[in-house]
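Form predicted alone, single chain, as structure tokens, below.
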Amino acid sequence: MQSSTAHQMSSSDTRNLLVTISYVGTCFHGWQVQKNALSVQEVFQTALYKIIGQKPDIKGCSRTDTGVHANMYCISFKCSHPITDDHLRMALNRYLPNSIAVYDVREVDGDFHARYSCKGKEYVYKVLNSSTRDPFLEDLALLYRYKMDENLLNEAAQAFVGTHDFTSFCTMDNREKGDLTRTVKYFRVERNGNIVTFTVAADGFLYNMVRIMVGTLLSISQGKFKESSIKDIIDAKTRKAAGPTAPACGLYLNRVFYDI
């Protein structure tokens, strides 16, 4: 859908665009382009090329994993095409699959970067606490059939709040190097009927950090850890001290924070 009015713009006319999307991650192998698997970035790049005929360097706000969802995901790239922000939003929604929606396109300062300009993120993990599965929540929440005391887990989760070395809550690979200290702003565990929601915000997250936090809290719910064990697990600074990694299906990148 290239505009007939398209023209070569000078570098001074280049815009830095911030695109806000949401997506269901069930059929994607995360955000980042991979050789042998479909990713959100690949699908977005394909749709963008159909519209502007350009392949800009796309920056994503986070490296979400296979099966993880996003209520808010931010993308930035520099573009010299004259298409308006609102027309680009509508065109992207035309070419993207139904599992991805574009909510906003706007111009930002030239030095803005979707990942490095981020001041913090909020994640949500959804648990269906029921003896019976819900077909409308398949791959969108973790089915957990055991009794769960959300008030007890909410109290236990407060030990995560503050600045800590979260080595125990990180799957180590080549992307996690150096300082593993993060500051958790808040952690809430709340129930609405059969849905128990774990909400956590921090200045940054390590690989699988939220899923390991949730997995550890579920282990507390099952009596495998004491209610007061979170502090000791943090102090241990070893992945072996924490609980299992909760499945990806319940995890959502919920909000991304910027100073704009």
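Remember, predicted model here, so these are calculated numbers, not experimental data. Numbering starts at 1 and runs along the sequence shown.
What follows is about the form predicted together with another copy of the chain, which we do not show.
Student: Closest heavy atom of Met172 to another copy of the chain in the predicted complex, within 4.5 Å or not?
Tutor: Taking the distances in the predicted complex, the answer for Met172 is no, it never comes within 4.5 Å of another copy of the chain.
Student: Just to confirm, Asn16 within 4.5 Å of another copy of the chain in the predicted complex by heavy atoms?
Tutor: Asn16 lies outside the contact set for another copy of the chain.
Student: Is there a heavy atom of Val196 lying 4.5 Å or less from a heavy atom of another copy of the chain in the predicted complex?
Tutor: Heavy-atom contact with another copy of the chain at 4.5 Å: absent for Val196.
Student: Taking 4.5 angstroms as the cut-off for heavy atoms, does Gln158 touch another copy of the chain in the predicted complex?
Tutor: Contact check for Gln158: no, nothing within 4.5 Å of another copy of the chain in the predicted complex.
Student: Looking at Thr84, Asn93, Thr163, Asn151, which is the one with a non-hydrogen atom within 4.5 Å of another copy of the chain in the predicted complex?
Tutor: For this set of options, the contacting one is Asn93.
Student: When another copy of the chain is placed as it is in the predicted complex, which of 110-118, 182-190, 96-104, 75-83 ends up with heavy atoms within 4.5 Å of it?
Tutor: It is 96-104 that comes within 4.5 Å of the partner.
Student: Heavy atom within 4.5 Å of another copy of the chain in the predicted complex: which residues of 125-160 meet that condition, in order?
Tutor: The stretch touches the partner through Thr132, Arg133, Asp134, Pro135, Phe136, Glu138, Leu140.
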